[in-house]
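So here's one chain in two forms, each on its own in structure tokens, numbered structure 1 and structure 2.
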Structure 1
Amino acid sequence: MVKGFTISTLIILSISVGYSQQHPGLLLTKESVVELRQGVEKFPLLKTSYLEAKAEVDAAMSRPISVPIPKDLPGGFTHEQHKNNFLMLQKAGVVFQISNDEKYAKWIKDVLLTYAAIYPTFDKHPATRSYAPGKFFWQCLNDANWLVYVSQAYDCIYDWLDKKTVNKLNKELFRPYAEYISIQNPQFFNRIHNHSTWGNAAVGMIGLVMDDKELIDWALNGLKIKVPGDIVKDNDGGAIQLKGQTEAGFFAQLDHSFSPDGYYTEGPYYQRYAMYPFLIFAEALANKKPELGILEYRNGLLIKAVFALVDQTNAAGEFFPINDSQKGMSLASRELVNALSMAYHYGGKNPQLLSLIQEQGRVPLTTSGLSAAKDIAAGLAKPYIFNSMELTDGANGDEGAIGIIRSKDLTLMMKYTKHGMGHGHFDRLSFLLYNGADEVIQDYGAARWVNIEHKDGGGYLKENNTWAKQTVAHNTLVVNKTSQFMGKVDDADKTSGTAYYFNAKNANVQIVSAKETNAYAGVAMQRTMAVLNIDGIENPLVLDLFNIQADKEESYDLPLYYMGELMSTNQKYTTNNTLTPMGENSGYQHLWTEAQGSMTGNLMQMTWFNKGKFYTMTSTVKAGDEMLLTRIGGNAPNYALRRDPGFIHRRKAGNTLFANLYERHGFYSRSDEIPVNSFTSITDLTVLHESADYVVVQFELKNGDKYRFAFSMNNKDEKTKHKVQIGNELIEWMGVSQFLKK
């Protein structure tokens, strides 16, 4: 299907040569400019956004034009100056169109002519460390950024310019620049990768402005030339050509980068980054080449992808920090300011998006932004309803997924996706849990302070590999103190987690279950999590059943990165006054053991306190189980890691089951000093049955109520009857699961 569509679009392209050209036509149109001029007077969000942009441009124009010969790396003068230039040029273009004040057009013209003047005077940026060195920047990626933004500025003054200047700029600056980042650097342009998405968008957008059909074709369909054979990896170690890759260009990016649900295999942090060129070029194509139906491509994939991003956030709009992600990146980012308005305008005007746009407090100065600001001013905004959902991974949606369960204030996310390439973590079957915006069980995120020079220039720290990516840094099983796939990306990339069961139809019993059989040789793992609403308990309970089937006895560590202050446990432990790292590799070198204990009895309970709320984990204990209380931070010179606490449940076993139950309960305010419900409601948790096929557990509340949960792990036919003998009792149920009050 995907292939066929690509061919048909080529046909459409070839017959669209005569399409009439208007400027502006990318993000603004003649019609929308008229409306925008009125809108900035009438609609508060648009007015604010416009005045902010105008003030920034006015400030930039008050300084002398500066187009330096390229020399520096990021952080250095020439890099930052060229970056600032493209941001200001784009804004100046919009301000010109809205204000109709020619001084803005003139400034853009002057700056562009300065670029045109120096462009032929040097070969390329002097830095050589990129696999694809750029012109004004050290890598083509930044030059593509430049062209994506500056195309928009050029589009805004194209009709205002005299023909001679247009010809000069087209021939001496833009066409050569577009060729530089495409045919002169196919190793950058012809990949399936976010770098190429930027490259395709840049070349395509300037092509649309200049009505240059060849550039548009390259952008949409890739180059028909081969990448020079000596360049096989990029600077991050990523392969230039994916195995079996036969296509390139924007359509190929769309085909390969997203699942049918709009999930991006690197996770939401990088999806946010990649969305800008995807959407901005798509919006330009929607305006300039509506016959392509780009926004309907793959069942409206791009709009779905925006919704997928929104659905991967906590109550503060922060993305789930899976894979390499800086925590705190959120719907407030500039990329999402564009994305949400665009998804609103082109995606059926879902009024729930308006409330999110309202929170952003600004809109893009485009047709989309106008549309959103207008409808917000008209009072159309509705709260965004966050639903439980499974988002599949893989181009065909059959390579794992993430499962998201929402229930009252709780958000549970379980991850069983593809590895996510170079930015992926070895974290299959890991989960994270939020209470509103508060992390309850955290994912560490990346070991990086993005762009903060103090921290190794703001790039990835070496601890990102040695800690953040390792399995023990996640809330999932570690076998024999080694990471999944022995920590090898190439191996992890070959397979994905396996979605087994996701059911959120019954709001009181929502279940996600997934399997992972490749991460550890001879060890089959299945995690089943159920979010349960029960009468008489204030918050939903989270049941967590981690089943392992293994050929032989192994050592299992199940970490839990709880956030907050440990209140108490019912188990005895001894604390260490001298802290030593837990191991030498696989991330253990970064963990200190603060305390340890041999667990006794059948039950372990641990309560912690975070941001006014209490939380308790109840776990079943088997003979020989140990508990370790850990602290992150060892072997991290220069304070590369946060000192966060963790808990490890350690067990030596072959086939086994870890059964846990998490409860949020009560509250405490430091100005009232009256703790309410500071103890868990759970008095017992028992495994009634565990085998390769079934698990049956029962738990009991303070009030004496007992509940039983039964689950079929290998047959998900909802019509099949299951029987399990427990002591004298024969338990029977139909379908995958049964949850009942005893």
Structure 2
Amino acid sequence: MVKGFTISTLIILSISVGYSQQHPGLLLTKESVVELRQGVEKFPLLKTSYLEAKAEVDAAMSRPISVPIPKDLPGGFTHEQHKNNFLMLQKAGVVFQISNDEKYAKWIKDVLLTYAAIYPTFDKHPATRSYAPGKFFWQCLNDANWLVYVSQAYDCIYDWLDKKTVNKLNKELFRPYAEYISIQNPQFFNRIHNHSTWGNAAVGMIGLVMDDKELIDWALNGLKIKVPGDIVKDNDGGAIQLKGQTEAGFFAQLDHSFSPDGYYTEGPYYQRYAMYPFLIFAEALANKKPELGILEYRNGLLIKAVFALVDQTNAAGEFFPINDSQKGMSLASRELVNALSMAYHYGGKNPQLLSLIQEQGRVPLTTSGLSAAKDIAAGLAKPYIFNSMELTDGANGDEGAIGIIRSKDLTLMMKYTKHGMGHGHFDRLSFLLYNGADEVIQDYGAARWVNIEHKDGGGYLKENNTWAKQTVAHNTLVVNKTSQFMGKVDDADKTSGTAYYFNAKNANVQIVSAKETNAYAGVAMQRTMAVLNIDGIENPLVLDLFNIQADKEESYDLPLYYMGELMSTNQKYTTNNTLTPMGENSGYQHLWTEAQGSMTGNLMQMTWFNKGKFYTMTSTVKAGDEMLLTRIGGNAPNYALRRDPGFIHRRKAGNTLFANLYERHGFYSRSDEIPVNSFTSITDLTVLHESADYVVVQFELKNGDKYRFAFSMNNKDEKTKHKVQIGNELIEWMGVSQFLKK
């Protein structure tokens, strides 16, 4: 095995140790430290944050230094101990600078020297699950986390240390460490991926501390070497396409990972994770190398990315759980504590961000945190306004998007992005729906128990690939019980969904429409969703039109994963006393069929109950349609999957249209045992016209009012006049859509 010293021995001789530089200089500067010392006495949120950090560090210092021999996966003792060490070291550095108490610097020095003494004795981590094993951790990614945080601590005590200790730490710990996660693991470092973002930031930040120009160049511009092999499989279960890759490094990450709107191609969960190294390294570069103008790069992209993250949350501040995400991750995460204050300070001091920072209850102990705490104390905070918007995907903003529509308490998100690389799911044209903070129609997210050792060491479960990523696990069309792109990541990464139309100018009629023509051979799909506010209806209605144009007859499944308990349906079904999986692959092996039935009539209605509220789906029915009531959990012997309910609308057809209406209505008081408005307002839904070019539907309410929605599927010129003949009636309208009361 390659030891940490092997490559570095000759190079170290030429390194210039930066004694002439001022430290701290990454996140803190000599000037900002003076301001922070004054600020912790003046501004309550800053003082609270400082005292909490100090208390944590004091508690860590009261225990013996622990730098164990690595052996565990996430959740295990050695993993968590090294993780706690880097978090405490970073905080101790800041506490030292603010308090000027040398006991904190001495503790940092002692811990770092302990690491320096044992680092040369470490080979690779004994766990073999990663494509790039680390030293302290099972993967280089976590080693990079360690260095991002510890470089900040080192920066804070650099000028306090004697030169002999600095030389020892530089040569025996930090330079070999930086080499290990870069030139010794180029398959980790030289990618466009959140892993490499951490690696670039780690190597760059320690390079800035040591004034090591070579490390800084590697971090910014990538390694000028070829990565062996065309394709490497990573530990997230995804394929890393390296063949032909010509760009790497921090600038390449900024160029290719984000759209101009700040949307991150891996989705909000990993954007949240990656924002810490993106922003921390950017702030360090802004302080140490202002000539790069990193915070202005791509029209202030990194600050836009923070706002994009905020806008991808529900009413509880939780990120939309798309792609490989764990539900419940929110703006309260430590990465966003830093991000929001940075976006406030460097992004024009938008007072709406201050209200979110107040909710976080803490600020980073940096200039950004000081700025936010000061203005909160001055009473400048304003509520954050969440608007409907379309966030584009792709470096140029032309590779799909997500559409977000907000109306009263309702939030609808439709996904038609790029695949998202190894963390993506086969879920083009899927959607999720919230009522306030409550999931109404869910995205499953990832099959993973992060850092919970009981469940396969806290890593991704095999069911993440066999279930969570498969198309049937999402609220979108499945053709012939096979996942989109035949479940091949490489093929999915080559294309994106196509944004067709997004219009949220009229608060009463907000529309998102997108196309997907590559997921299934010979099948073109277009989904159009409209959120409609109607007088006399207590909540907005969601109209869902899924249009399919196919070369031949296919078998279609349209799943819906509703949250809550089934109340009733107007269709008859047969329940199963013996559960059997619905299939053998493409995710169907993980679905139980609890009941099934052949649908009759022209209308299907299903009502469910969740969090004290009633919801009803109204769907049009065609001859031969089937309904299946499903339950997740088949073929998951270790109970790795949630037992959530689902509904599948099955149809055999060529060209066809699935038309659905979703309504939230009424409530139930458990204390009073009184249901109010527990039945839907919708009495009828009819497809008046369906073709490749136009869709026209009509629905009727209990009070007899009728409403019609017409939509142009291929011409989005708002000045074009459209005509559709329906029986004896000629329907005409101007622009893409028309919604009116009949």
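Residues are numbered by position in structure 1's sequence, first residue being 1. Computed from a predicted model, the values in this text were never measured in an experiment. We call the rigid core the largest set of C-alpha positions that still match within 1.5 Å between the two forms.
Peer 1: Specify the structure that is the form predicted on its own; exactly one of the two qualifies.
Peer 2: Comparing the pair, one sees that structure 2 is the form predicted on its own and the remaining one is not.
Peer 1: Which angle, in whole degrees, describes how far the smaller rigid part rotates between structure 1 and structure 2?
Peer 2: Relative rotation between the rigid parts: 11 degrees.
Peer 1: Taking the rigid core as the frame of reference, how far in Å is the Cα of S182 displaced between structure 1 and structure 2?
Peer 2: So the C-alpha of this residue moves 3.8 Å.
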